[in-house]
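Before any questions on how it binds or moves, here is one chain, the form predicted on its own, in structure tokens.
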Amino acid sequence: MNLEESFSGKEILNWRKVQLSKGGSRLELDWLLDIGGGLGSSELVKLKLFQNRKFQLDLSLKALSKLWVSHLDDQIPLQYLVGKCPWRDFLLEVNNSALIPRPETELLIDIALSKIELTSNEYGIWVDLGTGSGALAVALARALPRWIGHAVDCNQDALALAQKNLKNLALGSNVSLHLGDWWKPLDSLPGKVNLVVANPPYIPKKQLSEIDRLVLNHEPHLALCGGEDGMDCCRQIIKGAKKFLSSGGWLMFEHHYDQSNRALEMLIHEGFFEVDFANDLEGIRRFALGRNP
């Protein structure tokens, strides 16, 4: 932190007022102050109460103003501008080689850990297919330190990003990274994997143009589009899983808001049992899961 960058509560409040007059939402601006400026959410609430007190920031208000203008004028996600994204209980490094991890995907980790607890496995092997920034891999590595992990992505830059996050946030964990398409780099693991998680591309091609410009213009299309019906990648993941999962091993993945029935049907067709769904933060069926016999 640059200790010389300190501003009174009144200065920061006035700055907020000026920035909001340019556009955008208070929630986004406070996110920028929190994550980009390093002010912290607990300090944000003190600004009005202690207007004469000095608050230290990681960046000057001038620098934060430039980021805000770039966000508004160029429609660049704040996470990419700042290079950080809070997710679960850690702060990920992010860039435009991978999707910005969404809050609802955090639930995939909760589902996975509940199933692991159910089976009482103290040791096992997990796989994160399409790891992107490494969010799922980091969370699993931190939660299951005795397990061996494998993170796969077909994008070299995304894999390098995941490697950075694993090094910074799960140092000492036993995670191997693999460059390749879904199951292809994992030929040494047939019948050995206890848990597979994935957040694959699942937006149907015809709907891609309908998504938020902020996402469409800056996040990688490779990680968004799932083919004509959005389920090309889901099919590959499900079809390959039987070869690699151990007996009783779990497969779970995120999908589009209207794909639940098809996802569950595919799992049943491929011979999975205990097939089920889970809802996202808005109560929409967003996750499919099944267990290998």
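Keep in mind that what you see is a predicted model, and the values were worked out from it rather than measured. Residues carry their position along the shown sequence, with the first being 1.
The same protein has a further form, the form predicted in complex with glutamine (GLN), not shown here; the description that follows concerns it.
Student: Could you tell me which one of Val215, Ala143, Ile148, Leu107 places a heavy atom within 4.5 Å of glutamine (GLN) in the predicted bound form?
Tutor: Going through each option in turn, the one that passes is Val215.
Student: Give me the residue from Asn199, Ser97, Gln79, Asn194 that has a heavy atom within 4.5 Å of glutamine (GLN) in the predicted bound form.
Tutor: Looking at the other structure, the residue within range turns out to be Asn199.
Student: Could you tell me which stretch in 133-141, 199-207, 89-97, 156-164 has residues with non-hydrogen atoms within 4.5 Å of glutamine (GLN) in the predicted bound form?
Tutor: Partner-contacting stretch among the options: 199-207.
Student: When glutamine (GLN) is placed as it is in the predicted bound form, are Lys115, Glu274 and Ala288 each within 4.5 Å of it, taking any non-hydrogen atom of the residue?
Tutor: Not a single residue of the candidate spot has a heavy atom within 4.5 Å of glutamine (GLN) in the predicted bound form.
Student: Please tell me whether any heavy atom belonging to Val152 falls inside 4.5 Å of a heavy atom of glutamine (GLN), as the geometry stands in the predicted bound form.
Tutor: Although glutamine (GLN) is absent here, Val152 would stay clear of it in the predicted bound form, with no heavy atoms inside 4.5 Å.
Student: So, in the predicted bound form, is Ala223 in contact with glutamine (GLN) at a 4.5 angstroms heavy atom limit?
Tutor: Result yes; Ala223 sits at the interface with glutamine (GLN) in the predicted bound form.
Student: Going by a heavy atom distance of 4.5 Å, is Arg102 a contact of glutamine (GLN) in the predicted bound form?
Tutor: Within the cut-off, so yes.
Student: Using a 4.5 Å cut-off on heavy atoms, which residues of 251-278 contact glutamine (GLN) in the predicted bound form?
Tutor: Result: Glu254 alone.
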